[in-house]
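Next up: a single chain in structure tokens, the form predicted on its own.
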């Protein structure tokens, strides 16, 4: 009996010691449960024809009929191409620019200037996409846009940017990089600052050049951070930035062949045919595919380099 009471007494004492931490964690846990886990019960809507009268549980079961909404459209191949293509392009461009800028910023000798550069990188990230869309409009407006004003000054014909689809893959890539590179750059900078400085000193004493130290010291230490960000991005590879593809092109129908993605397609479809079940089916499909890609990429990473795998 004494042996049994002692572990119970230790557990009670441990719980009492950590009680303040549990109380601090409670609001975040409640928020996480309400915002992330409680809505999971609504996944049944993906398999129902929702009506207000029937509610979530009383509506008619339709099986996988809601999922066919995504595949019966003639533009499905175009939509999937845009969604996957843009996400892969954004991942590569943002990773390369983020790593490059992080290395350049950490090489700044003046500490105040380095902190100013780090803070400046995050400003575009916190700017609303609505404001970004108006900024882009200021450059591309057919009548008074800056680019068309410059073209007229050079004696060239102005371009109707919102009616011409050719430049938009470059415009969207530039806007996404301008807005999103700063976040990844800060993460890369924190990883670089955590590298043991004696490694760089030993490399300099050995006669290594700056490019050699970056190649053989900095980049290998950045590998775990790069893999983590790639895993996070792969989990959302079938999702797209709705504001980027809907607000920035001003919902122009003439350039929809290069701006239509899965999220904008679902939104436009629900405007003409409001069906909550189709939205739930699309979200569930996006999440399942992203989850499988994360598992597969992590398994491949673990097979090639076990220490860099997340799980």
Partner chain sequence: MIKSKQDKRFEVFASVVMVIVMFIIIFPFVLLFISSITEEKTLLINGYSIFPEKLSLAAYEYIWNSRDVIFRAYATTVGVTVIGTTLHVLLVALVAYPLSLRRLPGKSVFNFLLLFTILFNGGLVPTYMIYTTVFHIKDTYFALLVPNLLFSSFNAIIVRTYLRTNVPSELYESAKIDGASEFRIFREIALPLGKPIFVTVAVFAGLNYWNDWTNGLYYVSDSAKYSIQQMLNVMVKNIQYLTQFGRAPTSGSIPSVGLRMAIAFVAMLPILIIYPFLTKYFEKGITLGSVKG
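Residue numbers count along the first chain shown, from 1. Each form is matched to the other, and the largest set of C-alpha atoms that superpose within 1.5 Å is called the rigid core. These numbers come from a predicted model, not from an experiment.
The following text describes the form predicted together with its partner chain, which does not appear among the structures shown.
* Asked: Looking at 80-88, 215-223, 67-75, 175-183, which lies within 4.5 angstroms of its partner chain in the predicted bound form, counting heavy atoms?
  -> One stretch meets the cut-off, namely 175-183.
* Asked: Within 4.5 Å of its partner chain in the predicted bound form, do 35, 43 and 309 each have at least one heavy atom?
  -> Every listed residue reaches its partner chain in the predicted bound form, so yes.
* The unique member of 151, 130, 96, 195 whose heavy atoms fall within 4.5 Å of its partner chain in the predicted bound form -> None of the others qualify; the residue that does is 130.
* To do: Verify the contact flag for residue 25: yes if a non-hydrogen atom of it lies within 4.5 Å of a non-hydrogen atom of its partner chain in the predicted bound form, no if not.
  => Heavy-atom contact with its partner chain at 4.5 Å: present for residue 25.
* **Contact test in the predicted bound form: residue 254 vs its partner chain, heavy atoms, 4.5 Å** => Looking in the predicted bound form, residue contacts with its partner chain do not include residue 254, since no heavy atom lies within 4.5 Å.
* Check whether residue 190 has any heavy atom within 4.5 Å of a heavy atom of its partner chain in the predicted bound form, and answer yes or no. => Yes, residue 190 is a contact residue.
* Does residue 163 make contact with its partner chain in the predicted bound form, using a 4.5 Å heavy atom cut-off? -> Although its partner chain is absent here, residue 163 would stay clear of it in the predicted bound form, with no heavy atoms inside 4.5 Å.
* Contacts with its partner chain in the predicted bound form, stretch 96-129 (heavy atom within 4.5 Å) -> 101, 104, 105, 107, 108, 109, 113, 116, 117, 118, 119, 120, 121, 122, 123, 124, 125, 126, 127, 128, 129 sit within 4.5 Å of the partner.
* Please say whether, between the shown form and the other one, the C-alpha of residue 283 moves by 2 Å or more once the core is aligned. => Residue 283: C-alpha displaced by 2 Å or more between the shown form and the other one.
* To do: Determine whether the C-alpha of residue 252 shifts by 2 Å or more between the shown form and the other one once the rigid core is superposed.
  => No.
* To do: Once the core is aligned, please say if the CA of residue 54 is shifted by at least 2 angstroms between the shown form and the other one.
  => Where the cores coincide, residue 54 still shows a C-alpha shift between the shown form and the other one that is 2 Å or more.
* To do: Check residue 220 against residue 291 at the C-alpha atoms and report closer or farther in the predicted bound form, compared with the shown form; the change is 3 Å or more.
  => Farther: residue 220 and residue 291 separate by 3 Å or more in the predicted bound form.
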